[in-house]
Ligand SMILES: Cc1cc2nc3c(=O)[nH]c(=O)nc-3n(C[C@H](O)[C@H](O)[C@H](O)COP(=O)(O)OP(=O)(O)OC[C@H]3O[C@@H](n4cnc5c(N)ncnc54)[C@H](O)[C@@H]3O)c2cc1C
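As a starting point, one isolated chain is supplied in structure tokens, in the form predicted on its own.
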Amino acid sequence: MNWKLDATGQELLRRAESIAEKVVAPAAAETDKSARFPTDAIAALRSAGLLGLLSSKEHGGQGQSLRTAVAVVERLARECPSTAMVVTMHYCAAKVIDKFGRDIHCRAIATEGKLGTLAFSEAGSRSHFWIPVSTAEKIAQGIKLNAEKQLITSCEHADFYVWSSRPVQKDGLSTIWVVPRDADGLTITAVYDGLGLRGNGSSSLRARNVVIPETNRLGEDGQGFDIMVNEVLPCFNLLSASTSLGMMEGVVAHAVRHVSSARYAHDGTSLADLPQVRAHVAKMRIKTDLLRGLLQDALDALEQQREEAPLRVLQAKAAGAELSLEVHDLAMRVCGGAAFRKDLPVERFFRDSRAANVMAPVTDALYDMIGKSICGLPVF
């Protein structure tokens, strides 16, 4: 489990581990059952200074790298993937705000522990999140936004949205903004009640003539695509992969405990005494370790600015989504009928594992991007 963290990163990971064990794990089943947002977990992470993990020291944050964020999210996902997804979206938003935002917003996240999220997904552009159809218009009072956003994680609970729109005046595909949750004209139109990741607080969001200061723009008008690809995509893809990895570690642990303890009455042997069960467990471990190795190499490639770093970023999310499906399918198989019961967490992890494949950029789109990269073609 060596993430090659510095001393501060190791201490922050220890804090996250304590929260995962004492706060996240005990609430995980109810978070899923009731589709309840993990308010207590987020409060604990805030108190521990972990919501400011990626915020710069200049703004009062921890000044840690993406490597530490990956380690923290992976640990949370072993207990509750919904909580890990909330933190993933927060770190993506916090990273962009810290680099491009106003000091007041940067410090609100770094020192006050305000919660951020991404508001990129739209029904009109679907998985092509980099081509928003929502609009931004310059008026006397500032910028007027109109949009139909969908599947916004932490929607009702976030303090800030990192928001995409069409450019105001310049050429380009998009422009990025900070939009406060309490802005007039924002309405939640549909609350997510789905198969997995049920506690991530996802909702659809309508903006009708929402006015924000022009100074809430992140980067230049029309620069949104560059910010999405160069800042958000590496962060989201690697944190998504770490969420998949944490789920895999979690379900492997639950499956091993089950097959080691479940016994036949006639001779006292366990399920683990069956060679076919051990073979499936071995496959689960190998696939989990494969993802861990790829994710660690992707982090190395980014930090070392290696030529293949963009490719590794794409590969990590695709591999995480696909390998996670395989591992969770095997977990259901080796645990048999017990896996279908709610008292064993395998069923919950199995449902949660379905999300990564269809979360933009979806795996099929990633395969196309990876193929283009390998063949020397433009990715976008």
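No experiment lies behind these values; they were computed from the predicted model shown. Note that residue numbering begins at 1 and tracks the sequence as displayed.
Although not depicted, the form predicted together with the ligand is the subject of the following passage.
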Exercise for review: Decide whether Ser165 counts as a contact residue for the ligand in the predicted bound form under a heavy atom distance cut-off of 4.5 Å.
Suggested key: no
Check your understanding: Taking the shortest heavy atom distance, is Thr175 within 4.5 Å of the ligand in the predicted bound form?
Key -> no
Practice item. Answer for Ser204 alone: is it within 4.5 Å of the ligand in the predicted bound form, judged on heavy atom distances? Key: no
Review point. Are any of the heavy atoms in Leu151 no more than 4.5 Å from a heavy atom of the ligand in the predicted bound form?
Key: yes
Check your understanding: Of Ala255, Val96, Leu197, Met228, which one comes within 4.5 Å of the ligand in the predicted bound form, counting heavy atoms only?
Key -> Leu197
Check your understanding: Among His128, Lys138, Arg263, Arg208, which has at least one heavy atom within 4.5 Å of the ligand in the predicted bound form?
Key -> His128
Review point. Among 175 to 183, 97 to 105, 219 to 227, 111 to 119, which stretch has residues with heavy atoms no more than 4.5 Å from the ligand in the predicted bound form?
Key: 111 to 119
